[in-house]
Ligand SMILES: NC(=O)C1=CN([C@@H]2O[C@H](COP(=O)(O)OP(=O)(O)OC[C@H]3O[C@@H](n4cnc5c(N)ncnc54)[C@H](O)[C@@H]3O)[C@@H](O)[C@H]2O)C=CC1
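Next up is one chain by itself, shown in structure tokens, the form predicted on its own.
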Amino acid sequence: MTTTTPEEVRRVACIGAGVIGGGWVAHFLARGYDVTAWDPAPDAEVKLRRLVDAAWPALIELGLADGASRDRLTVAATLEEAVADAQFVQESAPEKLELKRDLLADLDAATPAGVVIASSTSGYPMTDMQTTAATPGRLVVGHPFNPPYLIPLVEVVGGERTDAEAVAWASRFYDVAGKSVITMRSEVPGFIANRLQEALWREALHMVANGEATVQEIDDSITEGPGLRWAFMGPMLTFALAGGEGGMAHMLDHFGPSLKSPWTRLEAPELDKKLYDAVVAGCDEEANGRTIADLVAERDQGVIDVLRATGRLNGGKK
């Protein structure tokens, strides 16, 4: 493993500069790192710098680290150039398994020995992605939540051939870099947060497909209901409070039988054209003329307001 400690890292390489990769670039810049990015798309640099510029006002409000500057971003011409002097690598390529396997093998070959390489994959186990890498022990999953520059969570887990030391190093690095880290005990497809989010998403699609609720009603049901509690207290502890003074035990005794009620359909519905069109049209209607840029700015400010209101704006614990 690398002799560089997480605290000593100064240069990060971000491979892939789309929404997630670009969000990582913005985050690392805001935390005072030198960042080298690479993406094979011909217009990648223009889009990346535009994304960073759009994120910067939110990052200023969150609080920049000493020395943080957009001028510390370099866009490399090749993958090899991007990782040549990297002390940590964050891969954020599209979610295609063969692409991930090939790219991680290429990164492993090009990155200095011992440097940890993390994948932003939203669902693939590292065991399935590290199969062709020469030194798979340094490959870990570092799964963020979108946008990485704003949402604190990152889930860290290794594959069957990942060294435990690499997982521990990555977890500590993300902590130093200002993230809220969950180091998972074992691999599970989709990790923790995406599995929970996907269950809600599937039920929402069923309700739209069956004409049981509109896109607007589904969003309102969360933002005006449980989402207000989830902003500072997760579903488990929230349910414990439903048990009153008896806590979770009383809640389970009282509401346990409802687990047999037909309140959810976890199998995904068929995403046919009718459902596809209904979801797209519903989102357009809900946006009510606001552009994606408008909605991004609104989302960013909303998250900042929640973080401030719950005492977590500058990394404080709730």
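One rule holds for the numbers: they count along the sequence shown, beginning at 1. As the structure is a prediction and not an experimental result, all values here were calculated from the model.
There is also a form predicted together with the named molecule; it is not shown, and the following applies to it.
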Exercise for the section: Check whether S120 has any heavy atom within 4.5 Å of a heavy atom of the named molecule in the predicted bound form, and answer yes or no. Expected result: yes
Exercise for the section: Mark A13 yes when one of its heavy atoms lies within 4.5 Å of a heavy atom of the named molecule in the predicted bound form, and no otherwise. Expected result: no
Problem - Partner contact for P269 in the predicted bound form: the named molecule, 4.5 angstroms, heavy atom - result: no
Practice task
Answer with yes or no whether F28 is in contact with the named molecule in the predicted bound form, where contact means some heavy atom within 4.5 Å.
Solution key: no
Practice task
Would you check whether the named molecule, in the predicted bound form, lies within 4.5 angstroms of a non-hydrogen atom from each of P94, K100 and N146?
Solution key: yes
Problem - Proximity to the named molecule in the predicted bound form, single hit among P57, G63, P40, G32 (heavy atom within 4.5 Å) - result: P40
Exercise for the section: Can you check 176 to 184, 159 to 167, 220 to 228, 120 to 128 and let me know which stretch has heavy atoms within 4.5 Å of the named molecule in the predicted bound form? Expected result: 120 to 128
Handout entry: Heavy atom within 4.5 Å of the named molecule in the predicted bound form - qualifying residues of 3 to 19
Key = I15, G16, A17, G18, V19
